[in-house]
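Presented as structure tokens, the chain that follows is alone, the form predicted on its own.
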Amino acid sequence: MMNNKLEEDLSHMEDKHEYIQIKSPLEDTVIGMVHALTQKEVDTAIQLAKEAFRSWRDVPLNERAEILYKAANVLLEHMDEFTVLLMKEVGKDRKSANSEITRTADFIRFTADTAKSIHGESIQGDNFSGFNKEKFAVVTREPIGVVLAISPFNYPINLATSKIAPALIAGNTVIFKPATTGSLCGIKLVEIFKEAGLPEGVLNIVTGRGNEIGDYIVTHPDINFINFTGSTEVGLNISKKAHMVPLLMELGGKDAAIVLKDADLVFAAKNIIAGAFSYSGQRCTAVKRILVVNEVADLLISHLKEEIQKLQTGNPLEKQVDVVPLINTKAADYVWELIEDAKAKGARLIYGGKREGNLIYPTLFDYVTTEMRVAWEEPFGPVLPILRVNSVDEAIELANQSEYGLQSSVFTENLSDAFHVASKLEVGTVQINNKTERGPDHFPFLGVKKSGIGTQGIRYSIEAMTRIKATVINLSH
């Protein structure tokens, strides 16, 4: 589960490990066990990464790139194994699991390609008033050190790799902390990189309980950078405690689909339903609310209802489905609370509103008001509220009142209107005539307000996990 040297070091410390059971959200059965590491064992892993950094940073870029290219190939060779594991551990349907693996392989390759094109620069002194041309600076990028990569359950391969690959190609070493549910996928991913030739100590996985190692690892003095994807609540906690350590964070969202009166409503409905309910809405970029102009609300809802009825619901191990059981009972209970609150406060149930265990059927509400929790809170589940507005300006105002600012969609046939709305929205990305979604992976991806810190996307991630060094040459002395 970890590199051989770390296993050897840990065996001297602990005769007995505590283990955490990993249960499948599909059938509530134990599918594996992972170590619950202690703080002392975390120290050992970080020390290994710190020592490995001294040599890894000096490995030529082309050699680091070759390891990544090989890792991408090895990952695809294990496609079937990873597909089954993704389905069992985090409840992915087969199509989504396959897509995550192929996308991750593409991400790794493009990371290796991109790093080759990131160069330094030289700055002439005479470009600035008061200095002469006998002074210039050579600007280079250097790795930042030991990167802590913390990934969520919902994309345990892709969102782990989106942190690991840019960190490695830049010359950093990595401590990888996967979500507990997702740890089995994380362990297999680390094995892929090692099979591809990654040296010992460069990538180390730590698994364990948040109350034991969570705060400890993010405040560890030998962590030089934290790259985190997860809830806003946890992200805020990390940002308060990680003093003077640079952060890259992808947090929560309440992504709005804004539908104007001249939109292609059939097209909009198909995109919105796909964006809201794929993987049961367990995505930060899922469409989480609809803001529609009153004039076309009834017609849009008729198309939404038609599309939502096409969704397949159930266990992905038994058939191809769109809506799967939520990751655990706590998540399902939370979504059900939002549904019950909306019902109690007068929302009109258009479709769904049923629950079987952790499986919540795709649910669509109309006449949602700002007093209802579902208007503002991120469900991370298959419930979609419709808020009717009287004007475009009202839609913009409602969208911007959210504490989140990840993405929004604008559906309209008028590009001038689309760009006007986009310019007013307080989000990292605006999708015009498309569902909210991440990618392509070389595009910038960011959130504002409580949706994140910093900019991701392959080149942007590499730049974030490097530091600039200026060497100033004075030719006259």
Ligand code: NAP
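In case it trips you up, residue 1 is the first one in the sequence shown, and so on. Quick caveat: nothing in here was measured; it's all calculated off a predicted structure.
What comes next is about the form predicted in complex with the named molecule, which is not displayed.
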Point to revise | the named molecule contact in the predicted bound form: A97, any heavy atom under 4.5 Å | key: no
Check your understanding: Heavy atom to heavy atom, is P199 within 4.5 Å of the named molecule in the predicted bound form?
Key -> no
Check your understanding: Do G230 and the named molecule share at least one heavy atom pair within 4.5 Å in the predicted bound form?
Key -> yes
Check your understanding: Is D93 a contact residue for the named molecule in the predicted bound form, using a 4.5 Å heavy atom cut-off?
Key -> no
Check your understanding: Hey, with the named molecule in the predicted bound form, do S302, L364 and A395 all fall inside the 4.5 Å heavy atom range?
Key -> no
Review point. In the predicted bound form, which of 348-356, 293-301, 166-174, 205-213 comes within 4.5 Å of the named molecule (heavy atoms)?
Key: 205-213
Study note, to complete from the structure: Heavy atom within 4.5 Å of the named molecule in the predicted bound form, from candidates F193, F82, F380, F107, belongs to F380
Review point. Using a 4.5 Å cut on heavy atoms, which of S239, T180, N315, N224 is close to the named molecule in the predicted bound form?
Key: T180
Review point. What residues of 138-162, in sequence order, lie within 4.5 Å of the named molecule in the predicted bound form by heavy atom?
Key: I150, S151, P152, F153, N154, L159
